[in-house]
Ligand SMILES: NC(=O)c1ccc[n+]([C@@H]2O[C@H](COP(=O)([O-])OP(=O)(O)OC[C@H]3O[C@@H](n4cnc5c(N)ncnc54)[C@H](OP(=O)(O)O)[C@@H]3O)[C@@H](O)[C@H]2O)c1
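In the block that follows, a single chain appears as structure tokens, in the form predicted on its own.
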């Protein structure tokens, strides 16, 4: 099978196509014929070696975290899926990658795709939408009327934060570039700020949650506009493990808190997201698509930090 791999930690240009053996499956795994793979910032960060202390030095390494496709084969103890079924899911990137024609995935890391989403576009849901969902729901059973400041409203995670925030009843102020303002309004943002024209720290009001997808506001800065008991969500840790320790300590404080987090594969969570997509007609905004042969270009676009919605790599020919 064809797979995108790299022989060293480095830049997107170090990715290349290579023939690899088709993966074998265990009793509780499914073999997926991959239709499409989503590109996430963690992909190029792992490629750069940010997590090399965990991923090691064994090469060639595959890449890619979340995908959509169809069930090609099931293990003896798989009960939830059948051959030919359309699914989406993710892998643990410290162990394997999914940017290949086939991938072996645990049954518990898969779910059906939403009925209102095309199979290739469903690849964009598991990681980015999970990040939006987990971030919004963290310690918040009720978001009705809560004020959320979203930094990076038009990006892969941000466009899901807007849609889910609307469903959950939050008041969303989205900060984005001028070219993404109309998209943020269409998705349901209550207020949209052009970061080139307005300083969100000086735009008036305070917030219950600052969801920082673009790292343009630091936690000390955000504390000025956070209500008591409010939280700052940080997605960009740059591999700094102390931030995770600090965020755990921050959770026990009664005042303002910081939370740095990662999402892990969870088929049950993906099922909940699929239900939300169908119940509320949510959508995956695909800003760009690439063939496998141009995976390096897709990673480079993600690394440049200005993508609109999700970047999708089409695997199936």
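Numbering follows the first chain given and starts at 1. Being a predicted model, the structure only gives us computed values, none of them experimental.
One more form of this protein exists, namely the form predicted together with the named molecule; it is left out here, but the text below deals with it.
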The named molecule in the model of the complex has a heavy atom of only one listed residue within 4.5 Å, and of 105, 88, 176, 210 that residue is 176
From 187, 235, 226, 111: within 4.5 Å of the named molecule in the model of the complex by heavy atoms is 235
For the spot marked by 180, 262 and 305, is every residue within 4.5 Å of the named molecule in the model of the complex through some heavy atom? yes
With a 4.5 Å heavy atom cut-off to the named molecule in the model of the complex, the contacting stretch among 210-218, 116-124, 140-148, 162-170 is 210-218
>> Is residue 267 near the named molecule? Define near as a heavy atom within 4.5 Å, in the model of the complex.
In response: no
With the partner left out here, check for me: in the model of the complex, does some heavy atom of residue 74 sit within 4.5 Å of the named molecule? no
Discussion item. Contact with the named molecule in the model of the complex for residue 12, defined as at least one heavy atom pair within 4.5 Å: yes or no?
Written reply: no
If we define contact as a non-hydrogen atom of the residue within 4.5 angstroms of the partner, is residue 157 a contact of the named molecule in the model of the complex?
yes
In sequence order, the residues of 32-68 that place a heavy atom within 4.5 Å of the named molecule in the model of the complex are 41, 42, 45
